[in-house]
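Both blocks below hold the same protein chain, though in two forms, and each is given as structure tokens: structure 1 and structure 2.
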Structure 1
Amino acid sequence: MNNPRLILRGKFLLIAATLLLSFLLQPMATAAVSSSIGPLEGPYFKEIRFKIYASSEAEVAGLLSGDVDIMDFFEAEQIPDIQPGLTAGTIETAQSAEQGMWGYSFQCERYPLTLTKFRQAIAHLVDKEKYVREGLQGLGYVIETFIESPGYGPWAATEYVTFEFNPTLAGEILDGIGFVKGSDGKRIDPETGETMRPLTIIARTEHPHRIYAARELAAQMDIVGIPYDLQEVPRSVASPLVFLEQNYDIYTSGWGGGPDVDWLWDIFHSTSPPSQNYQMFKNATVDAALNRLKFGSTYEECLEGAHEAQYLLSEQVPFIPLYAKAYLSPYNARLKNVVDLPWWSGVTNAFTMTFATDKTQKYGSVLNVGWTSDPQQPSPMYEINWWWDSMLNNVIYDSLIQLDPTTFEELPWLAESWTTEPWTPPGGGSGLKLSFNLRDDVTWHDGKPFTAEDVVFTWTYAKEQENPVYISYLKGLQNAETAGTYTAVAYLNTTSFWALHWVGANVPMIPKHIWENIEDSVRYQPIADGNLIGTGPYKFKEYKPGEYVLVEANPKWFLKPADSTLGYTTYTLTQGDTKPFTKKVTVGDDAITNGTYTATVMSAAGATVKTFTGTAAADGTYTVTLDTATINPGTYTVTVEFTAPVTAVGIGSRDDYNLVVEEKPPDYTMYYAGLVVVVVLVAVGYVVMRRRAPGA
């Protein structure tokens, strides 16, 4: 017979072991990464809410009320609107000069913009001083070349071609190439003898200064007789026209180049994908200079290429640089340790989201980020780095190396260390062998381990897919291999000055187990399949179009502070117990009933133990029930996930929980029942024996 004391002692030991296992499964605290802004560790917010507003006015109102902590964009003309918050001390600001440029892009394959002289004529219609004085209310800097905004230092060209504001001269140039005025004052196309077609000007409505610049240019085109069709449209309309179809003539562009200036190659080189070189500009002489910038082995060679390319581009005019903004970046005064990045135009960046804290509460607050747009296509593999998509991707995904926010020095991130060695490609020439030694304590958001296989896959997959965002970084990748579980090696047929950043800092790591079966990475929508999975400080939680995107703190991030209290809710169930989960899903007034709602139980190693599929009611309410009857006692993670193919991006949500399954107590009912039977049988036997006894 079992000893009840031994049974209770065994149950106690199981519970103690389970609690110990739960403790051991939490990531061990690691040393913060040292940087110019202090030790980097986080996150401190339990959740980031990217709130989508219909207008910048509504977003500013949210900042004043405290519903918004940081904003995607803030314009000069909005300064008076936030004055009450500045006066009351509820709003603080960061101020600097942005490291980027705004200007006019020309679609250089659309006649008459194929003609350099025609583009130069338009350049004489641009009054940059007025744009800064009135369009930016003085908060900006006129720029004449392409890497001129403050912060780029010696990379800015000292020699370039300028075009003074002179509409009369513009008219003379047009006359000289045969575009003379007709009787109605409009220019005649010399090829057809008819009034030239109107040039399509696309101006994004999200930024008032873009609208101002477009209207000013249109007014000057009117004066010299160039017909135009000014289209003031939101990003959702402009994006396919400009970046996918190149169906425009003049576009009010904005470009945040980042600290490495080899991005100039991406915008203007003949072989750069159209979604990057959307000017469709092709010039062999410019290409040669850009190649020296992109693939030069030394700083001096890259600098020479940058200066020459800028001179040639200023002469050819595929793009007219206008200005860089002197930005004011407001934020809620409850925040501290915000990080101001000039190439991100302020404090709304991944460093702030990961390392800033709340003055009133170290852990557990919510950070509210104002957006004036839905994300275009949340995915690390999409072909355009949109501002909002990048903001989301940058907190979900990590790279091997991080760049210091002020010095741009390389910081260890997913890679603890790396080495650079000379390497001779099979066909001869000079190349590099880059070896990255990875951390061994990193997991993907779905619990699976991050290894060198993921790194090698990311590099080779992005190259094979010819991903437009990353192809220029991976063109020189000849081979990649693992050298153990936590060492990844890249072999490049280039000795470019930028090579380490290309594969180490510029390409976000993606999980092989998710992406290896995705045939078209550019068009793939991870949210629709529940696959927006990275290793970053935040995990995707929910997206509802037109309303919000939510991410929650990743309690297993490798730079989690030692005293962090952020973690998943824990459910403790006895084996055999059930736990229902429900979710109501609507978009507008419509109930969504074509989605999938699942609860997946995973082991500590990230292996799937059991998946339960839910059902939907007519009102959009989904229910899924977790049943522990066949789950062994132990500690697990549960992911409750909803996905639906609604809208082009899809909608979805993901919630993670800890699960402790305890052993079911022994059922003593059968034991006692058996004991009763034995007693009865013994009693009956005793009676029978007495009846058979002699002399009975």
Structure 2
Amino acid sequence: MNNPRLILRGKFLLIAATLLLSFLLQPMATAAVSSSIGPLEGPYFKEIRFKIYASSEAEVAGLLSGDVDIMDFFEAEQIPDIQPGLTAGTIETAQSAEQGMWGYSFQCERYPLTLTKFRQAIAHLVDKEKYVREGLQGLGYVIETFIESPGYGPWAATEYVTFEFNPTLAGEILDGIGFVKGSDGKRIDPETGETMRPLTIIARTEHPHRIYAARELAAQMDIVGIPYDLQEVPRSVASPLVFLEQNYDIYTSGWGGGPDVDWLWDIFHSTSPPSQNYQMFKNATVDAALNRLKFGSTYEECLEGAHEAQYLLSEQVPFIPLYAKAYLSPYNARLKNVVDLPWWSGVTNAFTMTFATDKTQKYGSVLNVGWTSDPQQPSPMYEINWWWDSMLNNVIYDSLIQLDPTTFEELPWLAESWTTEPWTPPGGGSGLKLSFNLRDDVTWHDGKPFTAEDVVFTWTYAKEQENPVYISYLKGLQNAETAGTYTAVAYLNTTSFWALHWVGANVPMIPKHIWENIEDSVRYQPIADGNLIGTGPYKFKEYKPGEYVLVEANPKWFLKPADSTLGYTTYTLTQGDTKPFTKKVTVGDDAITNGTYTATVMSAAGATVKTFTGTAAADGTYTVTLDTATINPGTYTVTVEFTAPVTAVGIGSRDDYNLVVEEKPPDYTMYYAGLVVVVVLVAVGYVVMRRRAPGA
């Protein structure tokens, strides 16, 4: 073993192996996550500019002029406004069925709406087909149950009770329960023997189709003799009456639900708060079905609960589902791979922002998003899930798992894998132990590594702080602990099928090193301290109130494509300029001179434009010179690669840069010289002519 050649070879191999390992561990080699919309990797935009408009009219003008690529909200009624862009082909639209619904809510604690038969009678007064035809101008479709949109797949009930439009039958039902017509044609209240009180119908004025639906119902109620008091009011008046005081009889309601349909529990369960179950609906049988939906331990059990609950609700009629609108989401035609999420403002969502790109420029273009509001308090811990804040949070923060945009299946995200095991809570009963195996290549935007400590901290901190947004998800969390640097374990006192989503998908991860010192997380404004730090595909850059919010691509995001050049140095050269790259390669004391060092210029479309090969000096210094003389002006990417067959598998490195070649300004020297000559000649000629002129 004292042979110096052997020692040298051993040292050589060790160093080579280290170099190889470091090369392989470079973050650029990222595997995409498979999903129903293809492999997920991104981002491709170098920056997102959220531009704040004071009116939706100006925002539409922004879309038409190209100032905006995607908008926060768009109503089908605005289609004529964007027609010029549609005709010119500068605007395209994603069209889908709205994942949400519109209908009538009944305040089920106010007599006579306490009577199921009475509510069923009203259900017979509703001509849904006509509503869609006239109220929505055909831009929608009739629904009979609560989660009927095609996007919800198997969760939609297949059996439910329907009520045909039949005012005569409605009258007969009312007669049957004692609400007979009086001499004035109005129904008599059987409890008082007098004309029944008018039912208050609240319709919000900002949506014409709601007004239409309310007036139609009022007209039919009038025909069958139910007195009514129709109040067409703005949201500011309707909201307190309905959501805070439940002081109404019939409300033209509307909601959109996310992919996890356990929200049905929140809207109709008798223990759900009145601000959510504003129908004040209480029914033990429905509660039992909703409990199975929300707390069932298997997919099948939840599915069965969902179907049963929908059937019972259609029979009990605390709410009459009317229609879902056709969802139309316009976007600038330069974009490709946009993702349409009907429950999240169409194409304006974190998937589009992360995985869409520009048709002509794969990397480095800018995405412009129109907003009609400032963010309120961008923070993952703010107590209100303000829509615009959420949009920002969704690209800055990641969760452990992500839900597939169309199948809603779990996708590995910050967690590469997870296991679910039964667990018995200390007090007895049934629980779950969820173990999340985290990726080991994730860093926070400030460069610190993301570990299981952060995960455990996020869960326990959000629960301790009683954060209103996450409290319902973390209510069952009994304990959380790390099992090594990259494994986090949650112990829950529930066996719900949705529990994995509650802790894995619904709670964004926050950095322990920032938040552990924050006492009042709800009031804390991380922007003020530069602490809006996540692991997400975009990093917060700037917020100018009333004007814009900027986020820039996170070059270290874990799903960054292998060839991404975002976040790397940009060299701007004038055509004809050169740019040398050098690299010294030694292994121990030995210079490596048998490697190749190349610089490859590639177009935005990914085609190789030119490859330059470098030379090696005796001391292991390689030099490759990028010459732009024959490269047309434009934007390119440059990959500078080194490889050397030092070991069986070789060693190497790779650096990526952005290259902008600018047109060489024309050389006007000859023109100037010519001009000077002409001026001189003219001057000389003038002088000569003056001298020769008579009388001069």
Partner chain sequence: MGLLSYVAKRAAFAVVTILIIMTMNFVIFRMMPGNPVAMIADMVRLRPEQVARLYELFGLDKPLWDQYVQYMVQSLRGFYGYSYYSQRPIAEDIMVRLPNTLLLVGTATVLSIVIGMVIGILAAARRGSLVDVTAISFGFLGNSVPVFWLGLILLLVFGVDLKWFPIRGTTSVPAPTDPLALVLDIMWHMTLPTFALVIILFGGYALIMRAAMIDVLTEDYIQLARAKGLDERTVLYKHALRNAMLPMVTVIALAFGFLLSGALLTETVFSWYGLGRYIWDAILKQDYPALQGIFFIISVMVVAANLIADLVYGFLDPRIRQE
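Residues are numbered by position in structure 1's sequence, first residue being 1. Just so we're on the same page, rigid core means the largest C-alpha set that superposes within 1.5 Å between forms. Small disclaimer: the values here were computed from a predicted structure and weren't measured.
Inset, instruction - Name the structure that is the form predicted in complex with its partner chain; the other one isn't. - result: Only structure 2 fits here, because that chain is the form predicted in complex with its partner chain.
Inset, instruction - Please say whether, between structure 1 and structure 2, the C-alpha of residue 145 moves by 2 Å or more once the core is aligned. - result: Yes; residue 145 is a residue whose C-alpha shifts (by 2 Å or more) between structure 1 and structure 2 when the cores are overlaid.
Legend entry - Flag for residue 591, CA shift 2 Å or larger between structure 1 and structure 2 after aligning core: The answer is yes; the displacement is at least 2 Å.
Inset, instruction - Inspect the rigid-core superposition and answer whether the C-alpha of residue 638 shifts by 2 angstroms or more between structure 1 and structure 2. - result: Shift at residue 638: 2 Å or more after core fit.
Inset, instruction - With the core fitted, just quote the Cα shift at residue 256 between structure 1 and structure 2, in angstrom to one decimal. - result: A shift of 3.5 Å.
Inset, instruction - State the core-superposed CA shift for residue 314 between structure 1 and structure 2, in Å to one decimal. - result: Superposing on the rigid core gives a C-alpha shift of 9.5 Å for residue 314.
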